[in-house]
Ligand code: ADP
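The chain below stands alone and is given as structure tokens, in the form predicted alone.
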Amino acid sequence: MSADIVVKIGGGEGIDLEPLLSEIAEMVRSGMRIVLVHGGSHETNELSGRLGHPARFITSPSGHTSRRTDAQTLDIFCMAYCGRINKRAVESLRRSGVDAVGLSGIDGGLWTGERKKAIRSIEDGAVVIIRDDFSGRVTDVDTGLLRLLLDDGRVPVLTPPAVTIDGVAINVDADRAAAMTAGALQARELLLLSNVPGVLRDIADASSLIQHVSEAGVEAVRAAGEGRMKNKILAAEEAVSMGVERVVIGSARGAGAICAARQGAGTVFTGAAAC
């Protein structure tokens, strides 16, 4: 059997994991098969500052934003994502009676990916080529390992980094990794939850939320995406193209955030919308 749902919880500032983990625990106890993917950007930024290696970000010519991941940043990234955040999430779920297993994409080659040979970045209005970055994208998901865990009644709690075929750790976008995971597992649903309510036509106006891609049109949704939201929209489209029936970009904040997203609070993508 495959997962019923993949839930990706962002790591931005202001997100409280505990109520979200409580919701997941309730869903698991009700019999749902869930894979949890989490980020950790805010904690990584804070840890980077404390360790004297402040976070830096890259904006591509197309407007996509990513973390500048040199070797030292990758070490700090792993401390935050694979260490503190992942293990606290597993601890919380197990305290709630859920048999959670925390894994990074490196473990068992769960997420295999390709390292980018060169990255184009806009700096002071000019295009700069970066060749020493440890970032890339997930190209393959070990569904056998995930199904083994799910079939045994366990909840995989997954986090970047991924690993290349020759064993090099790479920073990958967690939203797109979650999308690849949902597609590979043939999950019915993918939730991408963060500190924003969904795709907004006007980032300063929460009432400008685009609720249904099928009504607004995918081009309008793409045009509305700014910064990190561009990656979430791309992840949603990738998941739908792989057969995921429904993707919701929604808020991780507030009581019952997961339930609300499942009921359509946020921006909803469906197979028909992507055609």
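Because the structure is predicted, anything quoted here is derived from the model rather than measured. From 1 onward, residues are counted along the sequence shown.
Another form, the form predicted together with the ligand, is not on view; read the next lines as being about it.
In summary, the region of this chain contacting the ligand in the predicted bound form, judged by heavy atoms within 4.5 Å and restricted to 197 to 205, 95 to 103, 150 to 158, 114 to 122, corresponds to 197 to 205.
Although the partner is absent from this view, residue 228 contacts the ligand in the predicted bound form, with a non-hydrogen atom inside 4.5 angstroms.
Looking at residue 15, you'd find a heavy atom of it within 4.5 angstroms of the ligand in the predicted bound form. The closest non-hydrogen atom of residue 27 lies beyond 4.5 Å of the ligand in the predicted bound form. The closest heavy atom approach of residue 45 to the ligand in the predicted bound form falls outside 4.5 Å. Contacts with the ligand in the predicted bound form, taken as any heavy atom within 4.5 Å, map to no residue of 69 to 103.
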